[in-house]
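Take a look at this one chain, the form predicted alone, written out in structure tokens.
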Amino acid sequence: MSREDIDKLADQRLYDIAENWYKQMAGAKIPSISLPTRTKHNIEYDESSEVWKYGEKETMRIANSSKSALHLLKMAYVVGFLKNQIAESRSSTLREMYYISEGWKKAKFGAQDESNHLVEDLEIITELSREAFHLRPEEDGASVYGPLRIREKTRRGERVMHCQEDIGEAGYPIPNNVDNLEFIDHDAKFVIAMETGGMYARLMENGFDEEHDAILVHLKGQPARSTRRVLRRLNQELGLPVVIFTDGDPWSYRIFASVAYGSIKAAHMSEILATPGAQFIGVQPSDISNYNLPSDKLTEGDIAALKAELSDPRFDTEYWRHEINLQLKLGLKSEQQAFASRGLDFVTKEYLPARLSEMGVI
């Protein structure tokens, strides 16, 4: 779909929201809007797309109180702002929209979390991503390094580059809008995405990408949407296996879950953000004991997070139940860089090749 077609569709769906409210009021009804309940208790596995989506539980927001009416007023202001932005071919960040709301009097936002949440509501209602409304996230995508040639459409025209030969050691920075990227060709066998910059640099320095024909992706912690979309595209369009390498703690397991299963917060976008075939390579709780890795004690927050994951349907597998219960028993967590205690080459020469072979990737 062309940029013009996307703009027309986005404009029409925003118009439909306002038109629906108008019809409700014209029929002497209180304006309202219905949205899925966004909790882990309302996400269900969709077999056709192999991702987690919102279930049938819904929350009705009806302007029958001052609080609810104010919420719909703010949504109406945002709808108007986005329609103007599309008409003028302008774009803004989520942060800029938050500050622009300062001029909306009673409809201004009290905090950016509130405006971000409202944009997510509009994504659910319209079944379009925020990029379709010309909204850009504050966080940028991460970076890619490996045997992949791409074509990127920019404001200055098209550019073609090889993600090993034509870029520096920082890698190719993933743009906010990955729809402007085309994968031309590659010599890769799989993709390995890493939580930390230190491990990304270690694999690059040790020549892991060349030795194993791997595309390296730096997630930069909890990955931005653009990073997750690139991982999905590398998997779906090029047929490349994707493995996720994070620290060994509950917060890092949620990084994996957001990539492989989709996040609870953005379950409405799982079909374009999640990579169902992605596999978790480590650091596993069992690695902490098997390799006697340097570790830290779990905090009370860590323990609570692990227990919460045991009730999270995305972790409801024999593998994750075993590993999480083992970690609770050990009472320990460990970082990716802990493998350095066995030497700077251990992770690339021994641990990763062994795990990749065990997983059937190499």
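Quick caveat: nothing in here was measured; it's all calculated off a predicted structure. The term rigid core refers to the maximal set of C-alpha atoms that superpose within 1.5 Å between the two forms. Position 1 is the first residue in the sequence shown; the rest follow in order.
There is also a form predicted together with another copy of the chain; it is not shown, and the following applies to it.
J.: Please tell me whether the candidate spot formed by H212, E350 and G360 is one where all three residues come within 4.5 Å of another copy of the chain in the predicted bound form (heavy atoms).
T.: No, none of H212, E350 and G360 comes within 4.5 Å of another copy of the chain in the predicted bound form.
J.: Is there a heavy atom of A340 lying 4.5 Å or less from a heavy atom of another copy of the chain in the predicted bound form?
T.: Answer yes; at least one heavy atom of A340 falls within 4.5 Å of another copy of the chain in the predicted bound form.
J.: Using heavy atoms and a 4.5 Å limit, would one call P294 a contact residue for another copy of the chain in the predicted bound form?
T.: It does: once another copy of the chain is placed as it appears in the predicted bound form, P294 has a heavy atom within 4.5 Å of it.
J.: Are any of the heavy atoms in Y99 no more than 4.5 Å from a heavy atom of another copy of the chain in the predicted bound form?
T.: Yes, Y99 sits close enough to another copy of the chain in the predicted bound form that at least one of its heavy atoms falls within 4.5 Å.
J.: Is the gap between L344 and another copy of the chain in the predicted bound form 4.5 Å or less for some heavy atom pair?
T.: L344: contacts another copy of the chain in the predicted bound form.
J.: Could you tell me which stretch in 183-191, 279-287, 90-98, 116-124 has residues with non-hydrogen atoms within 4.5 Å of another copy of the chain in the predicted bound form?
T.: Heavy atoms within 4.5 Å of another copy of the chain in the predicted bound form occur in 90-98.
J.: For the stretch 151-176, return the residues whose heavy atoms include at least one within 4.5 Å of another copy of the chain in the predicted bound form, in the order they occur.
T.: Read in sequence order, the residues that approach another copy of the chain (within 4.5 Å, in the predicted bound form) are E152, K153, T154, R155, R156, R159, M161, Q164, E165, D166, I167, G168, E169, A170, G171, P173, I174, P175.
J.: Would you say Q236 moves between this form and the one not shown, meaning its CA shifts by 2 Å or more once the core is fitted?
T.: It does not reach a 2 Å shift.
J.: Is it true that Q164 shifts between this form and the one not shown by 2 Å or more at the Cα, once the core is aligned?
T.: Comparing forms between this form and the one not shown, the Q164 CA shifts below 2 Å.
J.: After superposition on the rigid core, does the Cα atom of W251 shift by at least 2 Å between this form and the one not shown?
T.: The answer is no; the displacement is under 2 Å.
J.: Out of closer and farther, which fits the Cα atoms of S89 and I150 in the predicted bound form compared with this form, where the change is 3 Å or more?
T.: So the answer is closer.
J.: Thinking of the 3 angstroms or more shift, are the C-alphas of W251 and Q112 brought closer or pushed farther apart in the predicted bound form than in this view?
T.: Compared with the form shown here, the C-alpha atoms of W251 and Q112 sit farther apart in the predicted bound form, by 3 Å or more.
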